[in-house]
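Here we start with a single chain on its own, the form predicted alone, put down as structure tokens.
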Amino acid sequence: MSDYDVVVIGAGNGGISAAALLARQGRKVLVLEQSASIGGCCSTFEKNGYKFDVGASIVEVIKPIEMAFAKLGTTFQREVDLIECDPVMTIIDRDGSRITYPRSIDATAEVISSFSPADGKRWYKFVDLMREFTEVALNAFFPQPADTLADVAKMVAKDPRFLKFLPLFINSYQDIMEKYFKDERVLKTMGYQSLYFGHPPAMIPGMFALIPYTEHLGVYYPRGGMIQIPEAFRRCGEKLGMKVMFNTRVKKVVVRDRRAQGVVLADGTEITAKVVVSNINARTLYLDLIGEEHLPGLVRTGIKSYKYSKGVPMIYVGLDYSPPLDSHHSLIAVTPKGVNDYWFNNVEKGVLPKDNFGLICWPTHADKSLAPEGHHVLNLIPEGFYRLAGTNWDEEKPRFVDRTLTALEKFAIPGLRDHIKVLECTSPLDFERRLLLPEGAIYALQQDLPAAAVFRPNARSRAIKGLYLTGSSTHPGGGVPTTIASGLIASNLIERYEP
């Protein structure tokens, strides 16, 4: 007799959503989280009265999340107080000029047309393409497993329009952007978004070009911080009997006769289970927690072939005033070519750029309760990466923070330093240590075409029976709605294959 029907390793969005959904099926579920809090990169912490989001800063494309809560017998909106962010983005150029995009598609067309009439017209053509593709993706791609070619065939059968959009999977993000927009000023507003998926525009599949469109379907911030999303799943799951244990690290997955039968904790305790769900990095799962001795040769080779996704530094700033910004998100303007140059000349050479770009998140623009009255919080995400040539993050972090603040004061937030009351930085190395993300890989594994969909580690393991994967390592990849979609997919597969 097993201790539990299901043991879930990791309380990130994928793990905690799968756990709640499995509890809804009437299963006895235990979630094991190595840290003291829930959510992984989608979490929130407090320091000196200021609340900061660990990583994720907004949520959009919320249909997969709504689907998961619907299966729990509730709604996303009932469980989480979502604040709409409008405008969706301000793009700040280094000369100090700003372009702000409102949520309205028509109003955004007017903004683009004000400096590029031709691209203003092309915007509508781009929207028409992405509107239909988003419908197809949300219906047939994101909520469906992609473990086999048969699964892909089922996607096509569910929505035959899928075939129409195959060029989006073959062409790159940059190909799509440059097909529809010609003005460099417009391209500067849409080049950075490819890094949301961990690669530059030249390397990421064109399907991710939907993001500059889906932002206009609604960008939301959960009142109380990003942790409110995983906490909602925790709350729903615990009402159904799900149990969560914190500060509990899993050392091994117990495998007998090619079947997962439980886990061994760092203190040596063994917990048996009929099914094991992993929300951790797939390489760590297979190579360390399971062990190569349990894997067929092709599986070992395949798992080792995956590269880790990008890591990022986060700078958390508590301010005693309202910063001179216009939107929840402000982006430092950069063209697709500029992002590519950064990738090949900086990331691949391990040299941090002197002239950086990235994202400025202003959560208190939406939710003032995150800081003392009259105060505000910023989450700065200047671009960075794990492997540094000739130095390391422990040495580089103070210099990196100083350069970032100096640059932002010049053209984005004048006088910033004079108002700082709290200043913290989490480097990719810190993410590796605290959240056990190898190389600080926030999306677990690379997300280019050779590691997407059917080429990503399977949600239902082929190598180990009774083992299922959720989170960024498996389809549909990294991000808040996508990892929750993975939890939905895994729970559906377990319902089908594990009586």
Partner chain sequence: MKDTKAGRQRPDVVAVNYVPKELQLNKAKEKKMGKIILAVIVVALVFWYVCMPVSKKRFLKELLRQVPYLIPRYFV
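Numbering follows the first chain given and starts at 1. All values derive from a computational prediction rather than experimental measurement.
One more form of this protein, predicted in complex with its partner chain, exists but is not displayed; see below.
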Hey, with its partner chain in the predicted complex, do 37, 76 and 236 all fall inside the 4.5 Å heavy atom range?
no
Which pick from 299, 405, 244, 422 sits with a heavy atom within 4.5 Å of its partner chain in the predicted complex?
299
Consider the chain as shown here, without its partner, and state which of 134, 327, 189, 172 has a heavy atom within 4.5 Å of its partner chain in the predicted complex.
172
Could you tell me which of 211-219, 158-166, 124-132, 140-148 sits within 4.5 Å of its partner chain in the predicted complex, going by non-hydrogen atoms?
140-148
Examine residue 448 and determine whether its closest non-hydrogen atom to its partner chain in the predicted complex is within 4.5 angstroms.
yes
Mark residue 436 yes when one of its heavy atoms lies within 4.5 Å of a heavy atom of its partner chain in the predicted complex, and no otherwise.
no
Applying a 4.5 Å heavy atom distance criterion, does residue 456 contact its partner chain in the predicted complex?
yes
In the predicted complex, residue 111 touching its partner chain (heavy atom, 4.5 Å)
no
For the stretch 178-212, which residues lie within 4.5 Å of its partner chain in the predicted complex by non-hydrogen atom distance?
202, 203, 204, 205
